[in-house]
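Starting off, we have a lone chain in the form predicted on its own, written out as structure tokens.
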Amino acid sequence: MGNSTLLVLVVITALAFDFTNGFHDTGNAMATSIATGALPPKVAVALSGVLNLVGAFLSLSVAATIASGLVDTGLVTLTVVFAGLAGGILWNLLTWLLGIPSSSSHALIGGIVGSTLAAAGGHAVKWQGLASKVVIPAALSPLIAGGIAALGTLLIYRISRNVPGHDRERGFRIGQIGSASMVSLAHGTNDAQKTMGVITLALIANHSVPADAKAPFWVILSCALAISAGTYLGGWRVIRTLGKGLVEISSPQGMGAESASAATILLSSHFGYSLSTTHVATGSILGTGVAKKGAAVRWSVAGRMATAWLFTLPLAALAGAGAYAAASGIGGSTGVLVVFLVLVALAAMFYLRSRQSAVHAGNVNEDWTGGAAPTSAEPVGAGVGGAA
């Protein structure tokens, strides 16, 4: 297997990650709109998919951060890039199966950093860039988004306090269509860029483009299509946790959360910060729950999510390092192919396991009973999209 074939395999794996990113993160944009009934579930994910596609073309700042701001591109090989992607995919699939809204962004970055460490050592990682562009924004973004959402929710209820409850809910459900659309558009400007950056990193490692090259158009288009397709499938398990597991959310809260998320994500994309849209969306939803008098926030669910966030970077890094060790241990292109086949087998296993308690558009809004799968979750044989 020559370098060209190996590069194709890396690109396929990168697009597979982008696909998992799409269905893992759909809930960030559409969970609250689905939970409040502002949009029917299937319409919501279709709209989100289209807007993710559009958003992917609007900014390349984050792609540049991933391509050259986190690791020394001169020490990165195609095997390193592949192993990093494998680590990110495994973490995405595991957290999706458990219905945990973890960060696809951090899974990808952790995988790349872990495989780079295994291949070249600590000097190959740009630790200052990792801290300033990833770790610090990860810590601050839920707090910032939550504060904006809490303030917005307070203002919304104050401004609309004389509007009859039924009319207020109906009006804000309409408003949610716009605010949820903005989150989907913002998600495309941030998350699709990460895979663009990784493919560009692979092209640089293969000497197919210069070290300071921007993402070629075919990379932008293919990543946009992959994340859009993944978004359309829905990711129902994560949508359920965000929409029903944290707060029993109303339409005014939903619009406040979505508006805060969109503003925070778009601002981070402008400055090139590789922000976790999951952290932002979760912070926004919690902010609306805190701000609304009498709202019951399920802090135990939030705590489980926060624990997963803490482990995302190190465990994805460990998976990336393990994938690199396996590939390099076998040796050459054969090692990459073997790890690729193992990754496909594990993905199939996760999918089959999810079918035992399928979450889909028909049951995603059922009352929360403590887990991603509702009590009426269907076994194997459920409708199309049931595993997502």
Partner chain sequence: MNQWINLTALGQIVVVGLLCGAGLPALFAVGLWLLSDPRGRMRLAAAGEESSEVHAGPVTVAAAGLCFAIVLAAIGWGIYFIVAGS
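Given the structure is predicted, the values throughout are model-derived calculations rather than measurements. Numbering follows the first chain given and starts at 1.
We do not show the form predicted together with its partner chain, though everything after this point is about it.
**Q** Taking the partner as it appears in the model of the complex, which of 242 to 250, 71 to 79, 160 to 168, 218 to 226 has residues with heavy atoms within 4.5 Å of its partner chain?
**A** Correct option: 160 to 168.
**Q** Counting any non-hydrogen atom inside 4.5 Å, which residue from 255, 238, 86, 192 sits next to its partner chain in the model of the complex?
**A** The residue in contact is 255.
**Q** Answer with one of 117, 301, 205, 185: the residue that has a non-hydrogen atom within 4.5 Å of its partner chain in the model of the complex.
**A** None of the others qualify; the residue that does is 185.
**Q** Is residue 310 close to its partner chain in the model of the complex, meaning a heavy atom pair under 4.5 Å apart or at it?
**A** Although its partner chain is absent here, residue 310 would stay clear of it in the model of the complex, with no heavy atoms inside 4.5 Å.
**Q** Please run the contact check for residue 175 against its partner chain in the model of the complex: heavy atoms, 4.5 angstroms, yes or no?
**A** Residue-level check for residue 175: yes, a contact with its partner chain.
**Q** Closest heavy atom of residue 152 to its partner chain in the model of the complex, within 4.5 Å or not?
**A** Although its partner chain is absent here, residue 152 would touch it in the model of the complex, with heavy atoms inside 4.5 Å.
**Q** Do residue 58 and its partner chain come within 4.5 Å of each other in the model of the complex, heavy atoms counted?
**A** Yes, residue 58 lies within 4.5 Å of its partner chain in the model of the complex.
**Q** Give a yes or no on whether each residue among 6, 196 and 213 has a heavy atom within 4.5 Å of its partner chain in the model of the complex.
**A** Judged in the model of the complex, none of 6, 196 and 213 sits within 4.5 Å of its partner chain.
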